[in-house]
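Only one chain is included here, represented as C-alpha cells and corresponding to the form predicted on its own.
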Amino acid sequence: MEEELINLQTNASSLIISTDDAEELEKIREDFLGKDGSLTDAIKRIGKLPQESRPEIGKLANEIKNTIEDLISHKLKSKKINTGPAKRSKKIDVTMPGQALPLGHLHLITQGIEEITNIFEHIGFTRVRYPEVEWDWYAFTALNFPENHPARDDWETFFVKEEPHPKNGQMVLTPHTSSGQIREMEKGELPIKMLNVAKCYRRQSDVSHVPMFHQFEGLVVGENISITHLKGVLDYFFKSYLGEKRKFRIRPYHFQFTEPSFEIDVSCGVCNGRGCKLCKAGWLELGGAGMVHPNVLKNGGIDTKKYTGFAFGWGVERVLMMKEDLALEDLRILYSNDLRFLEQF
C-alpha cells in the first residue's frame, strides 16, 4: 500500500502543478480527498492491513493528505489562478511567437578540451583516445615504475576488483594519460606526434585536485628529437592558451618515465603572481614533462639508438584555472553543477 499512496501523491501533485484553473483544482480535491476520492478509499483500507504496519502506513497517508491540501490551497492563493468568467474572456493571439526553450551549452571543461586540441592540431599533433580502465602494464610497469613505487599504493590508485591479466597484471582506473604512450608506440607508426585527452582517477581531493579529472598527454617520437623541441612546444602552447603576458618556467624534477624530467609552472592567474591559497607563492604547478626514458621506448618497441622523444602531461582543469581573467580559486567548483556559475560560460 505504501507504493500506492506514493503514486497517489505523485499523480495529485502533477495535476495540481499543471493547472491554473480554480474549477479544476476543486475537481482534483474531490477526486482525491472527497467522500469517494482515491486517497479517501485507500485510507479506509488501512484497517485491513496487518496490525504492525498500520501506524506507519496511517502516518504516511495523513502526510500525503496534508500535502495535497496544502498544494491546492497554495495554488488557489496564487495570482496566476484563473477564477470564474474572467478566464473565458482571456484572448490568445495565435500570431505571437512561442516562448523559446532554454538552450544549454558545452561545459567549461569541454570547451577547454576543444581549445587545447585545436592549439596542438595547428602544430601537427593528432588527437587519440585510449581506455579509462587500464592494465598495470600500461599504467605502471611499461612506464618504468618499480614494484614498490608509491603511485602503485591503493591510497593513490583505484584498483579494479577483477582477475589479473596473465601478462598485463592488475586492472586499474587509469591514473594518468601516460599509459597511452605505450599503446601509441605499439602501433609501430613513426614518427609519433600524438595528443591523448582522457579522464584520469586518483584518490585526491582539495582546491586543486579532484578524484576524477581530465589530462592531456603529448608525445613526440622521431629522429633527433631534443629538449629544444619540447621547450618550443611549451612556449607555443602557453602563449596561445594563456596569452603573451603570462610567464612559465621549467624546473628539474623526477618522473619514472622521462629522463631528464621537468615540472612546468605558470605564473598564477588568480593572484597575478602575488601568492594566494591556490598557488601559495605566485607559481602554480601544471604538470610534468621531459625526454622519454629509454626503457619506456624499449617497452613500446622503439629502437632507442635511432629514435628519441619527449612527453608532457597536464590536467585540463588545472590549465583551465589559469585561463586569463577566469580566476578560479577552487577547482572543485567545475563539478558543482551550480548553474549560477556554469551559465556564465
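In case it trips you up, residue 1 is the first one in the sequence shown, and so on. It should be emphasised that the depicted structure is a prediction, and the values quoted were computed from it without experimental measurement.
If you look for the form predicted together with a small molecule, you will not find it shown, but the lines that follow are about it.
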- prompt: Of 255, 248, 237, 130, which one comes within 4.5 Å of the small molecule in the predicted bound form, counting heavy atoms only?
  reply: 255
message: So in the predicted bound form, is the small molecule close enough to residue 202 to count as touching (4.5 Å, heavy atoms)?
response: yes
message: Using a 4.5 angstroms cut-off on non-hydrogen atoms, would residue 300 count as touching the small molecule in the predicted bound form?
response: no
query: Taking the shortest heavy atom distance, is residue 289 within 4.5 Å of the small molecule in the predicted bound form?
result: yes
message: Please determine whether residue 214 contacts the small molecule in the predicted bound form, using a 4.5 Å cut-off between heavy atoms.
response: no
message: Quick check for you: of 44-52, 66-74, 31-39, 281-289, which stretch puts a non-hydrogen atom within 4.5 Å of the small molecule in the predicted bound form?
response: 281-289
